[in-house]
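As structure tokens, one chain now follows by itself in the form predicted on its own.
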């Protein structure tokens, strides 16, 4: 334990902890809207496109973080335009991003004279190598994501839930769709040093899926997803650092496994809560047909001494006879019996 404490006294580990918390907050803030729109795999597509952005940064000698941001945003906008105009199905557009982005990144890395191993830290994460400049970039981008994602929650939720209703309500649906796509692209690049471009979608989606098991309102789901994301990211760094004394454990996969473990824990709890809510709901009240039908023939005279069971019914008495309840009814001086 003392060795672990000594390890976290190093600045690179402190930067890793800060980057993990920031990433854990930002990724689910966007993932909540993607899950609401049933675009949970969009993060994977953007992540593959961002590989090309990283390769461009390595090829030109510039910051891979910022080139990945630019390329990822362009890719996200393109896929949103394709989906909006119906030029191809959403799954086809995602497939194009998957294959083209990854292939372009590997190709450009080779053209730059670097081995594909140079992409390793970006594909699967390398949080302990985060420099001060990278941490500042992550902090700025994550702040923008959280502020926009939380500040515009009513508008973004309305568009994600029902676009036709949002349009009737006066919201610019295209603008907010593009905004969510842009936030997703930025979130991918923020998380690429923490969990890696190939696993970033898990950090965007799994905490949201876990929080949905325990919450009922959208705002509560958003807050809980961000809290779960921050906790599993921070825990992933600590667990991987502790395990590194006896084995080589990558931080990114550790964070994802912990997030999946949270879902596995919350799922049965959520199922039990939903079952209890269903049992607590009142049964539907069926309307009783109290309509009186005129007896066509009724020669028997009902009364206190007739021997039939008398049942009080409102302001009169019914007599049980031949499986029916008969009630004396006097109308216009004529006496007859109604049955019901």
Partner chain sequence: MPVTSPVIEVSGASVMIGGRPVLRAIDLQVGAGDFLALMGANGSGKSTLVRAMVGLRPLAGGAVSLFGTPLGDFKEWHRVGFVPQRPGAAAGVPASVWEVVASGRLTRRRLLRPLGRADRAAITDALEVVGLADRAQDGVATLSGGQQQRVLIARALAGEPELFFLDEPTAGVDLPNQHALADALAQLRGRGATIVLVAHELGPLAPLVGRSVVMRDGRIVHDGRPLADHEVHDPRFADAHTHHHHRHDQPRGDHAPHVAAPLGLRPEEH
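Positions refer to the first chain, counted from 1. Just so we're clear, the structure is a prediction, and the values are computed from it rather than from any experiment.
If you look for the form predicted in complex with the partner chain, you will not find it shown, but the lines that follow are about it.
Exercise. Just one stretch in 158-166, 249-257, 264-272, 189-197 has heavy atoms within 4.5 Å of the partner chain in the predicted bound form, so which one is it?
Worked result: Residues of 158-166 come within 4.5 Å of the partner.
Exercise. Every residue in 35, 151 and 219 with a non-hydrogen atom within 4.5 Å of the partner chain in the predicted bound form?
Worked result: Looking in the predicted bound form, the three residues 35, 151 and 219 all sit within 4.5 Å of the partner chain (heavy atoms).
For this session: Please run the contact check for residue 171 against the partner chain in the predicted bound form: heavy atoms, 4.5 angstroms, yes or no?
Result: Taking the distances in the predicted bound form, the answer for residue 171 is yes, it comes within 4.5 Å of the partner chain.
For this session: Consider residue 212 of the chain shown here, and say whether it contacts the partner chain in the predicted bound form, taking contact as heavy atoms within 4.5 Å.
Result: Yes.
Exercise. Would residue 176 count as a contact of the partner chain in the predicted bound form, using a 4.5 angstroms cut-off between non-hydrogen atoms?
Worked result: Residue 176: yes, in contact with the partner chain in the predicted bound form.
For this session: Examine residue 203 and determine whether its closest non-hydrogen atom to the partner chain in the predicted bound form is within 4.5 angstroms.
Result: No.
Problem set entry | Contacting member of 208, 185, 127, 232, with respect to the partner chain in the predicted bound form [4.5 Å, heavy atom] | Exactly one listed residue reaches within 4.5 Å, namely 208.
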